[in-house]
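In the block that follows, a single chain appears as structure tokens, in the form predicted on its own.
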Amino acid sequence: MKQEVSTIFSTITDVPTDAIFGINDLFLNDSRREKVNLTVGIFIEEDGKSAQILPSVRLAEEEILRTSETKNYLPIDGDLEYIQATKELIFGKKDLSRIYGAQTIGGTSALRILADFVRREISKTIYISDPTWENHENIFRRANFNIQKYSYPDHVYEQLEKIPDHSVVLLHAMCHNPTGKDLSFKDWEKLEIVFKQKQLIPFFDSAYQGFGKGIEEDAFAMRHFLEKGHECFVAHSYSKSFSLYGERVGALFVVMKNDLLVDRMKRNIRSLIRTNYSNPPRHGAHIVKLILQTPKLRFMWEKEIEFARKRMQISRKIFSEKIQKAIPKNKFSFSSEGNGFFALLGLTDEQSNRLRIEFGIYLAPRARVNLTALTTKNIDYVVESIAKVL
């Protein structure tokens, strides 16, 4: 029997398990054969295989293995060619001299590095959508922000018209997580006017470019705000769009009025990166850069992302039809409208817990579902189980 010993760690603060990965751990420990994991946001093939290496990525890696001669450090803010290629993917090929960019460790570190900068230099308060990605609130809380919320997707304009001028507002550039409900082009144009009138500061989270309406279409909001002269922040991720989850490939961008302050911004961001992770990893960014710069590989990747987008749309449509048919008299909130991986099922916590305990169906908080996790093998079982808990 182990005896308690005196330790300096006995008084450390306890923190809750991560909401999404904690549920995933429960799934992994579930011994039932008929169980379904609808939690973590990774692309799942129709055969149930997840996070498969894209053919374009495999070819790029083969080329990198054949030609690379060094594993030396990258600069503090990363591979300059990768940053430029990413900048053009987001903002288009135009004069981008007033935009500073840096390579980051996935989209999460882009959010955190920018959060530290914004908190120190611009504002101690940030407005985030309710609901939003579970980790948004954690990131900004750790950066010591005062977090305020605006309801989404209803009455966004009316709410933002009432917040203090010069406020920083976090926006999902595409494929809103967790609702899947995006603003239309006209909605973004209307919202831009509110931002200009109140001099609000946009902070875009761009994690799913290509999975909404298309690669170019999904960049509309960021390009529109750029064209209208706004200063803003962008945190970008390639985890989903290149299926590079474990490589942690991301970028941050700061859009300024002109290029006079770019060097000062560069020194600030480099300082934050240097004291965090020093400099970013080389391999994942090299893959993305090579694909974006090589016409043949880029064409392959664009077809791959189109296939994934259509898979999400078909899954959303089929699930919506089946759920409405199975529960015709129930006012069910899920519909076929939406973009990207996710949708909210509108279940209570009690109903979600019943799905997990009685049927082995695991949902993320707020009954968020990853639509690509629904396959021909499990979709009917999921729909039948939901009907039973309702």
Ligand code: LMR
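One rule holds for the numbers: they count along the sequence shown, beginning at 1. This structure is a prediction, so every number in the text was calculated from the model and none was measured.
Another form, the form predicted in complex with this ligand, is not on view; read the next lines as being about it.
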Discussion item. Can you work out which of 181, 309, 286, 240 has a heavy atom no more than 4.5 Å from this ligand in the predicted bound form?
Written reply: 240
Fill in: Of 344, 40, 57, 361, the one that lies within 4.5 Å of this ligand in the predicted bound form (heavy atoms)
40
Worksheet, complete the sentence: Only one of 60-68, 321-329, 344-352, 40-48 has residues with a heavy atom within 4.5 Å of this ligand in the predicted bound form, and that stretch is 40-48
Discussion item. Since only the chain is shown here, I'm wondering whether residue 208 would be in contact with this ligand in the predicted bound form (any heavy atom pair within 4.5 Å).
Written reply: yes
Worksheet item: Can residue 133 be called a contact residue for this ligand in the predicted bound form at 4.5 Å between heavy atoms?
Response: yes
Worksheet entry | 4.5 angstroms heavy atom contact with this ligand in the predicted bound form for residue 20 | yes
Worksheet item: Does any heavy atom of residue 129 come within 4.5 Å of a heavy atom of this ligand in the predicted bound form?
Response: no
Worksheet item: Does anything in 160-179 come within 4.5 Å of this ligand in the predicted bound form by heavy atoms, and if so which residues, in order?
Response: 177
